[in-house]
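One chain is shown next in structure tokens, namely the form predicted alone.
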Amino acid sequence: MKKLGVIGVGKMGLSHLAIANQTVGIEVAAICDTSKPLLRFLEKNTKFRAFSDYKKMIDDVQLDGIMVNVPNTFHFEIAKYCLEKGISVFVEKPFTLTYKESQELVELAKAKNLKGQVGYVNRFNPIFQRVKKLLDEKVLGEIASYSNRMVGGVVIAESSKGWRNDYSKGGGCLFDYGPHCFDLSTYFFGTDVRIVSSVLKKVFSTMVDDIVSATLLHDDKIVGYNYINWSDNSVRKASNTIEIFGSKGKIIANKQELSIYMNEADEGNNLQKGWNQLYITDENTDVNYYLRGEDFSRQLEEFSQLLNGTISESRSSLYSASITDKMLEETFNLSGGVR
């Protein structure tokens, strides 16, 4: 049983804490947050040791892994300290705010022979995992292009305050929504990728972007159009939809359903000529503990496997996350943005 520490028990941190506490192979031993009333409540009603200083937590409690659920601007500092102390890390997305910092952490983890994972839940969604399998098996033949869209209604009125309107704190549609969208692109089409063109546009924000349009080129042959918008008031909940075109057909997928068009039948995969439809309920969604979605539980199950040595690398590795940070920087710089 591996001992886990959780740094940051705010909105997402509480969800991660609850799931981690029910995940086979790990035991939450300590928590850390800057909210003393919250810590007093958790310490009184749970078995966790509570700290307001993460360095003291690391000094006082023997830990095998730490979840970093703090604001984006502190990811690098805390993850680096954990790795330097010989502790493997799970870091919420984005990995860090710069590609240079992410590279440094990748190299540090490698030098220390430590494990790492970044919280990109799309990689643990059953529908997206099915798409990945179909692509790996070349069911669509040679992939020519794709369109990847992520939209939501986060900033839907004039905004000039808060971290979301501050690039230095990880704000802006590109750096907040963009990581999930770009990470899905690298999950499906690989990390040999460069940004060909990009445009950032303000709608309501005064200091950051609200809409992102970027064209990616993978392996010098697959063209991907990525559109990201966090100011669409018609969308109740953020959604990521991808359409993939290949020589044998195409796929349209989101977290809930998968449509596959085949130019010819594929009996081996039980796909008829024309349209085929699959839903999340057709996939295995069993998890030990359900909260927010099976993908959140699955990613922590994989982190447990990582800590316990069942697997050697997470599908959401520090390296793949560093490439996402590289793409974000390239998109920003190519559009003429200034941080």
Partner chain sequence: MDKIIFGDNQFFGVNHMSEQTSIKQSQKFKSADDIFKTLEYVNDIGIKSFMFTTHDQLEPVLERIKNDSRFNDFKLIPCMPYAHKYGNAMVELGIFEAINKFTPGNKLMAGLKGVGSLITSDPVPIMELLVDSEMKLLKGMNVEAIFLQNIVTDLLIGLGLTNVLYEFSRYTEKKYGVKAGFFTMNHVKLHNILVNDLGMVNPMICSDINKIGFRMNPTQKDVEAVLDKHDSYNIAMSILASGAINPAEAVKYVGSLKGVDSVLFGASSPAHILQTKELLEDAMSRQNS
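These numbers were taken from a predicted model, which means no experiment stands behind them. Residue numbers count along the first chain shown, from 1.
Missing here is the form predicted together with its partner chain; even so, the following discussion is about that form.
- Note on the interface: of 59 to 67, 36 to 44, 266 to 274, 304 to 312, the segment with non-hydrogen atoms within 4.5 angstroms of its partner chain in the model of the complex is 36 to 44.
- With a 4.5 Å cutoff on heavy atoms, Q256 counts as touching its partner chain in the model of the complex.
- Its partner chain in the model of the complex is approached by D286, whose closest heavy atom lies within 4.5 angstroms of it.
- Within 4.5 Å of some heavy atom of its partner chain in the model of the complex lies at least one heavy atom of S239.
- Interface residue remark: I280 is counted as part of the site for its partner chain in the model of the complex, having a heavy atom within 4.5 Å.
- Judged against its partner chain in the model of the complex with a 4.5 angstroms heavy atom cut-off, the residues A18, Q22 and F48 are in contact without exception.
- Contacts with its partner chain in the model of the complex, taken as any heavy atom within 4.5 Å, map to no residue of 90 to 118.
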